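Take a look at this single chain in structure tokens; it is the form predicted on its own.
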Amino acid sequence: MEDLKIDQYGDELYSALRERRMVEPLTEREPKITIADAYEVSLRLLARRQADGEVVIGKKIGVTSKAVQNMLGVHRPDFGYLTDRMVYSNGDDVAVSEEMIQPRAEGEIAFILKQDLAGPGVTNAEVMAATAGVMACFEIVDSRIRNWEIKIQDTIADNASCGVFVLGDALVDPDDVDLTTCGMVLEKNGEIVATGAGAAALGSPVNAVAWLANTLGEYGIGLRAGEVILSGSLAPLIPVVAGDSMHMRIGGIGSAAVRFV
């Protein structure tokens, strides 16, 4: 895709983010858009956000679980960027009625890195050695694409449909928990709405982080010490609106809570 169109779509998605409005799927308007094109669009969107003063503090892996892949009709993972404007603390209020368009909540495991990771060739053992700790986490995804009618290129261009994220109540040594079998219980307004386990994220969230490091390595991008890495949803996405509250617990790791206003 020519640079002019890449900039055009990146600017359109940036405006949609700031104005809280949906746009038509890029794949309907550009049937030949490639995954490489979509990542270029996402970088234009990120550049616009950085020009506003946002700072990259991590990365996210999207569409890792079969439940989410089947829900969205997207059958391969992708990645996006996290900025300091996206992060919330455990128990915070998130103003979805003022800041988001069509939000959905997902429970996942966040990795906090203490060492850089640069692919290709990053192994699971290297991911574990580079991780300072893991945390329970909510990611509140949001799509600027009309009614979540997305193909893989649409969600990639839209920063992997990232909205905001909420870090949980504890940082746990990854060696102290089985990240494959650890179970998650997700509650909405006091009722259990989903369960999952670490294995839902590409067989293990460690696999997911290794995939991210190696995929980013193809673009000359590394994971950096101090960054937050969201490893992917462990259960189906849960639509949320103002007035909802959610709580989740992951065995051996901790819990996270968020209220929507």
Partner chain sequence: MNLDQETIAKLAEHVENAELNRQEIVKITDDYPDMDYEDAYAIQYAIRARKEARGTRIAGLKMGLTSRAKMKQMGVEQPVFGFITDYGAYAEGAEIETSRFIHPRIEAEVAVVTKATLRGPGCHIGSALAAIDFVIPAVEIIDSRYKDFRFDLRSVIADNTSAAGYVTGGRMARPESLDLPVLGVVLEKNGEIVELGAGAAVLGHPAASVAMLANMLAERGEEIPAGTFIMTGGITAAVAVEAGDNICVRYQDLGTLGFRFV
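Positions refer to the first chain, counted from 1. Given the structure is predicted, the values throughout are model-derived calculations rather than measurements.
There is another form of this protein, the form predicted together with its partner chain, and it is not shown here; the text below is about that form.
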Inset, instruction - Find out whether any non-hydrogen atom of residue 173 is located within 4.5 angstroms of its partner chain in the predicted bound form, and reply yes or no. - result: no
Legend entry - Close approach of residue 26 to its partner chain in the predicted bound form, 4.5 Å, heavy atom: no
Inset, instruction - Indicate whether residue 180 is a 4.5 Å heavy atom neighbour of its partner chain in the predicted bound form. - result: yes
Inset, instruction - Look up in the predicted bound form whether residue 197 has a non-hydrogen atom within 4.5 angstroms of its partner chain, and give yes or no. - result: yes
Inset, instruction - Answer with one of 95, 129, 87, 185: the residue that has a non-hydrogen atom within 4.5 Å of its partner chain in the predicted bound form. - result: 185
Inset, instruction - Just give me the single entry in 234, 213, 229, 45 that has a non-hydrogen atom within 4.5 angstroms of its partner chain in the predicted bound form. - result: 234
Inset, instruction - Name the stretch: of 157-165, 185-193, 78-86, 98-106, exactly one has residues whose heavy atoms fall within 4.5 Å of its partner chain in the predicted bound form. - result: 185-193
Legend entry - Within 236-250, the residues that have a heavy atom no more than 4.5 Å from its partner chain in the predicted bound form: 249, 250
